[in-house]
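Just the one chain here, the form predicted alone, laid out as structure tokens.
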Amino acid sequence: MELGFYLDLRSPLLTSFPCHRVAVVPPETESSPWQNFADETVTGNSVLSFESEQFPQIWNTSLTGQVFDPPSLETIWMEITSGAYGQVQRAKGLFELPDGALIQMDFVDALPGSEYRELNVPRWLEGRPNRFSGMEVVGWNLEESTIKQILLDSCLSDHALSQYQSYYKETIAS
């Protein structure tokens, strides 16, 4: 599970799970609360520095039950990550596709391009998925309501989802 930089690491919720904690910290980090929290520290990528009065916004939304067609999702993702709705430092999300796949998308401003990965979970081909999906964006001057609206506007209707699922079930059965 990935935790955001804004969480209180002393929370009883975070310390009660039996797990091996790994902190991924920027190379220039000598000491941080993450290193005290973690069982193991791994050096990651450099991060953008910013003054305390310029902390980024963190916006997220649940998309559970929503399904996207791949071309629309790709267009929206490119708009968001290229700055159409604010300066994005990081964007990540789990998105349902009409073939029942659940994909993870990840963008970091300091790295080239975006990563896309299909998760190894059973395909959901019966109605609207009830497993978690959602998106988080970190950046500045984010047009939060616009981002949410374009995401919701691009989701498949019940009728379209039913047609896609029928097609994929027939394809799998063949």
Partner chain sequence: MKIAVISCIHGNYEALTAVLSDIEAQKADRVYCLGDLVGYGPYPNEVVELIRDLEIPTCQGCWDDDVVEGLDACECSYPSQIAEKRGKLAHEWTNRVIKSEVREYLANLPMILKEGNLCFVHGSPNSQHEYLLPDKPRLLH
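All values derive from a computational prediction rather than experimental measurement. Numbering follows the first chain given and starts at 1.
Note that the form predicted in complex with its partner chain isn't included here; everything after this is about it.
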>> Using a 4.5 Å heavy atom cut-off, which of 105-113, 65-73, 122-130, 24-32 contacts its partner chain in the predicted bound form?
In response: 65-73
> Any chance Asp99 has a heavy atom within 4.5 Å of its partner chain in the predicted bound form?
Replying inline: no
>> Taking its partner chain as it sits in the predicted bound form, is Ser154 in contact with it (heavy atom to heavy atom, 4.5 Å or less)?
In response: yes
>> Quick check on Phe95: any heavy atom within 4.5 Å of its partner chain in the predicted bound form?
In response: no
> Are Ile58, Trp140 and Glu144 jointly within 4.5 Å of its partner chain in the predicted bound form, each by at least one heavy atom?
Replying inline: no
